[in-house]
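As a starting point, one isolated chain is supplied in structure tokens, in the form predicted alone.
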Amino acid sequence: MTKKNRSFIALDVLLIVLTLLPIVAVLILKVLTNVPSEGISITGARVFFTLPLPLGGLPITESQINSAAVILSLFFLCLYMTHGIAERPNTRRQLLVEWVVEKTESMVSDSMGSFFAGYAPFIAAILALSALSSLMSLFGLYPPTSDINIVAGWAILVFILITYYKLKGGLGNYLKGFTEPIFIMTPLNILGEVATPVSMAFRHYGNVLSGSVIAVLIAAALQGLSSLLLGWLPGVFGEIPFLQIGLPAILSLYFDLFSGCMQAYIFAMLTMLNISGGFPEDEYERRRQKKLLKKQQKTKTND
């Protein structure tokens, strides 16, 4: 093995370790700070400490720490997947990366059109961040998508982008949209505008949180049912919750894996549809041609 190959493998190993390290770190933090409780316990994100600020304290919560861990893991995972990338694919990871890029670009092109072709990395980031945040529950960690504050932050960012592209048609055209189809609909149109980020946030947050709650309730119910039906078994066998074996894991595959990935896909699709749907392409093109014509006329005048 050449020195170059050894260096390549060493960097690969380092990137894999750095990818797993944030998840391991929050696992250790959970073990060290977890307070055991009896019975069913469904709580929000724990507050580790509060940073004093002039306008009030900033609580640093479990969801923020876990979200930062997901972002760091994704960062190093991207570095690992693109390490050694070549003009001609020579590794399976590069083929996988190119397949992901092609599928994302195709999805963005089909949903948003050619004008938004540059949005493929943004949509891929939303998909990865949302899906991996929900999958944190597979490690027994608090999923950041179960915190309305985290998901609301994403929805507000998307709302800013929606408004930005709506304003591409001009401020007058944007304000005029609130009066359509008739002026009396203005209050409802304004309410509908505000409802977009609210519905996106609560849909994502509610589905992920409800899945976690249902899984906990079913696990607790199976434990009680096992004690009721099989508690007569002698010795330690009567204390083993046999009915909890298998079924919670199957439910976890749905609520944590399938549902988490599905909600990430839905959030990404809503992002694409809302941004592209709010963009007044005809009005934008008309304004662009008008500005271009004025510029040409000004150039001729100066000449």
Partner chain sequence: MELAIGIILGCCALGAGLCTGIGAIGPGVGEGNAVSKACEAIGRQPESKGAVTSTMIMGCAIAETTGIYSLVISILLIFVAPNILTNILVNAISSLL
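Positions refer to the first chain, counted from 1. Not measured: the values here are computed from a predicted model.
Keep in mind the form predicted together with the partner chain is missing from the figure; the text below concerns it.
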Item to check | Residue stretch of 139-147, 87-95, 125-133, 208-216 approaching the partner chain in the predicted bound form, non-hydrogen atom distance within 4.5 Å | outcome: 208-216
Item to check | the partner chain: the contacting residue among 270, 27, 60, 261 in the predicted bound form [heavy atom, 4.5 Å] | outcome: 270
Checklist entry - 251, 68, 266, 257: which sits within 4.5 Å of the partner chain in the predicted bound form by any heavy atom? => result 266
Checklist entry - Wondering, does residue 111 line up within 4.5 Å of the partner chain in the predicted bound form on heavy atoms? => result no
Next on the checklist: With a cut-off of 4.5 Å between heavy atoms, is residue 189 one of the residues that contacts the partner chain in the predicted bound form?
Outcome noted: no
Item to check | Contact of residue 116 with the partner chain in the predicted bound form (heavy atom, 4.5 Å) | outcome: no
Next on the checklist: Taking any heavy atom pair closer than or equal to 4.5 Å as contact, tell me whether residue 203 reaches the partner chain in the predicted bound form.
Outcome noted: yes
Checklist entry - Counting only heavy atoms, which residues in 58-85 are within 4.5 Å of the partner chain in the predicted bound form? => result none
